[in-house]
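Quick heads-up: it's one chain on its own, the form predicted alone, in structure tokens.
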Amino acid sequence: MSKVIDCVAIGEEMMKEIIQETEALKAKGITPGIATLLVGDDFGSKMYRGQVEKFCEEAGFNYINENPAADVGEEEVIKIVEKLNNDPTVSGILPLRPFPEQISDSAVINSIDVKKDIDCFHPFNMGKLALGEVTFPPATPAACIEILERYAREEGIDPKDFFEGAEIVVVGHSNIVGKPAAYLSINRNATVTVSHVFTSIKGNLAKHTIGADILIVAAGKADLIGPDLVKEGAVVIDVGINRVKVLDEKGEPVLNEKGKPKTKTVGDVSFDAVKDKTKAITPVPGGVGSVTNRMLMKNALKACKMNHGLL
């Protein structure tokens, strides 16, 4: 019988652990802190910023929000980053993208102190990740690994044994999720294949995915993975978040009270069609995203300890 992994419960358990660790640091006179950098008022970035602020308050972190206007110059944004680099109350800096067109992503990211780069945006930290050295793993792919490790323990399996030699197929090769998820898996001695949209275009996706013991899907395409692409008994981690129209039995859009099509959030995996074929699967919504922000906070705790000579 397939197990739907309760990622919300995992996130809540992690928060309890984070609060305990934060209280232990506070007993030493040290308080972790996160600063977000939001340029302008991008809706998605503002939503994410709000979540970070909420979790910081819950865990007892310091929180700073830097929010210059959308027409600010790049030089001024760099000065803000440098100020945060030098602020001892800030353990980690989280730039919220997209930036306005006059501001270069790389210019901002490269100006962040690598010891405060808690979402692994800086090339230095990404390079360390690729080399298998200790760094801050990007929050979303790290959440995938955290979920898998906790699932393994629940099944009575040592996470080390769970990963070593396992056939892991990552669907998606973005710098944000796909590539780092592959690095994190390789660093645990898994056998890793990275596939992506061009694999699918060539008609070769199935021959990779149906061999996967663990399938991590982060392609950003609703219903990309159906039961024909999943091995019996696989563990499936669905990272995708897609908004799609709600359809009736005839395949027609269902309208809301304003006469506009209703929408819902789905992943990249056709959950209902796939779940009974899997050994375990994460849902969307209520899946990987429930753990992602907690991973960011774990990185901030690590940065805090590093910056105070405790690691």
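Predicted model, so just to flag it, every value in this text is computed and none were measured. Don't overthink the numbering: it's just position in the shown sequence, from 1.
Omitted from view is the form predicted together with a small molecule, to which the following refers.
*Asks:* Which one of Leu84, Leu184, Val192, Leu205 is close to the small molecule in the predicted bound form, taking close to mean a heavy atom within 4.5 Å?
*Replies:* Only one option qualifies, and that one is Leu205.
*Asks:* Note which of Ala218, Leu94, Val169, Val108 lies within 4.5 Å of the small molecule in the predicted bound form, where distance is taken over heavy atoms; exactly one does.
*Replies:* Flagged contact: Ala218.
*Asks:* Is there a heavy atom of Asn299 lying 4.5 Å or less from a heavy atom of the small molecule in the predicted bound form?
*Replies:* Because no heavy atom of Asn299 falls inside 4.5 Å of the small molecule in the predicted bound form, the answer is no.
*Asks:* Contact with the small molecule in the predicted bound form for Thr140, defined as at least one heavy atom pair within 4.5 Å: yes or no?
*Replies:* Although the small molecule is absent here, Thr140 would touch it in the predicted bound form, with heavy atoms inside 4.5 Å.
*Asks:* My question is simply whether Val239 lines the interface with the small molecule in the predicted bound form - judged by any non-hydrogen atom within 4.5 Å.
*Replies:* Looking in the predicted bound form, residue contacts with the small molecule include Val239, since a heavy atom lies within 4.5 Å.
*Asks:* Going by a heavy atom distance of 4.5 Å, is Lys231 a contact of the small molecule in the predicted bound form?
*Replies:* Residue-level check for Lys231: no, no contact with the small molecule.
*Asks:* Where, among 34 to 42, 64 to 72, 254 to 262, 240 to 248, do residues come within 4.5 Å of the small molecule in the predicted bound form by heavy atom distance?
*Replies:* Of the options, only 240 to 248 has residues within 4.5 Å of the partner.
*Asks:* In the predicted bound form, do His173, Leu224 and Thr292 all put a heavy atom within 4.5 Å of the small molecule?
*Replies:* Verified in the predicted bound form; spot residues all in contact, yes.
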